[in-house]
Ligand SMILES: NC(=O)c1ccc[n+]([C@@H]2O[C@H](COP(=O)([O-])OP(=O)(O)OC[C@H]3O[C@@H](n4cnc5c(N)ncnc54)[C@H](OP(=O)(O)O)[C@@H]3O)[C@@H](O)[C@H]2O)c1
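Starting off, we have a lone chain in the form predicted on its own, written out as structure tokens.
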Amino acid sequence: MIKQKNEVISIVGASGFLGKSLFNYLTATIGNYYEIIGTFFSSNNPNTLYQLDITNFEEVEKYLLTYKPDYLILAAGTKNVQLCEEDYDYAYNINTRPVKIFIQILEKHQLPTKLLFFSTDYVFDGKKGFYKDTDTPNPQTNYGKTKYLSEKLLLRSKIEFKIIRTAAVMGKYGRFFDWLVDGIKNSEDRAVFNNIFFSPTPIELLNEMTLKLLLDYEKIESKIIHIVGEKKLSRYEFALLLSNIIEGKKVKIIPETIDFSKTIFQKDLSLVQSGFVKVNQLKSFEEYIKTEVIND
């Protein structure tokens, strides 16, 4: 159901890879019916976004009381797994503390804002893969631990929320995706791990499902939703898939095996799509990825 434009959707972290794509997508699809606003911290885009330090209680409180968003999508935070592993305090301050602040302010002022929080496959231990949205997390990295702490804060809170777990978001400006696509298009060989498994998620699919979640929010009982591609692949298999889509280029995709005793990479963080996604997904995984390659 499309509503009137007096409802506000705020994307916190709208200058990042995920947030920017979602901001542009929602503006293009429902911008005539909702007021879409976004925030940035260090981006040079102040004309369309509001500057906000999500670790500053007073700034966040002023922002929420000024704009009173009906929906707040929290896409900010750090996804630098290595940096998080080196500095737990950094990971906590960026990935957990802001969620705590938003909850405190929403509860303090009894705001009816519905919060959508982007979490990660890293909340799991990576030992077995195919994790369902009902499985119990067991994070092994600081990144995963601080994301899981945020999930637990939301689950104990009194606010309205949904937790979106996603993984390996693929699209233009994604580091791994661009590295593969650029290499294939420029006929540069790529060596890719064949013993790390994941659930690559086309960013178009993530955008579509987030929109559907916003529009059907009241009908969806689940608090935790896995929005990921429907395929479990090794990084090597994903690279081969891309090379087959990008026709006419001669390039070698070279399988490599990683030694897990010397890395923070985890063996299998693949997720099982939630039923919500299985019912509403519009295209196959291959069709989504082909679209991302064309848009690159």
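From a predicted model like this one, the values you see are computed outputs, not experimental measurements. Numbering starts at 1 and runs along the sequence shown.
The discussion below concerns the form predicted in complex with the named molecule, not included here.
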Practice task
Only one of 116, 94, 213, 103 comes within 4.5 Å of the named molecule in the predicted bound form by heavy atoms, so just point that one out.
Solution key: 94
Exercise for the section: Note which of 168, 224, 111, 196 lies within 4.5 Å of the named molecule in the predicted bound form, where distance is taken over heavy atoms; exactly one does. Expected result: 168
Problem - Distance check, residue 15 to the named molecule in the predicted bound form, heavy atom within 4.5 Å - result: yes
Exercise for the section: Give a yes/no on whether residue 138 approaches the named molecule to within 4.5 Å in the predicted bound form, heavy atoms considered. Expected result: no
Exercise for the section: Considering only heavy atoms, tell me if residue 55 and the named molecule come within 4.5 Å of each other in the predicted bound form. Expected result: yes
Problem - Distance check, residue 40 to the named molecule in the predicted bound form, heavy atom within 4.5 Å - result: yes
Problem - Contact segment among 126-134, 151-159, 182-190, 78-86, judged by heavy atoms lying within 4.5 Å of the named molecule in the predicted bound form - result: 78-86
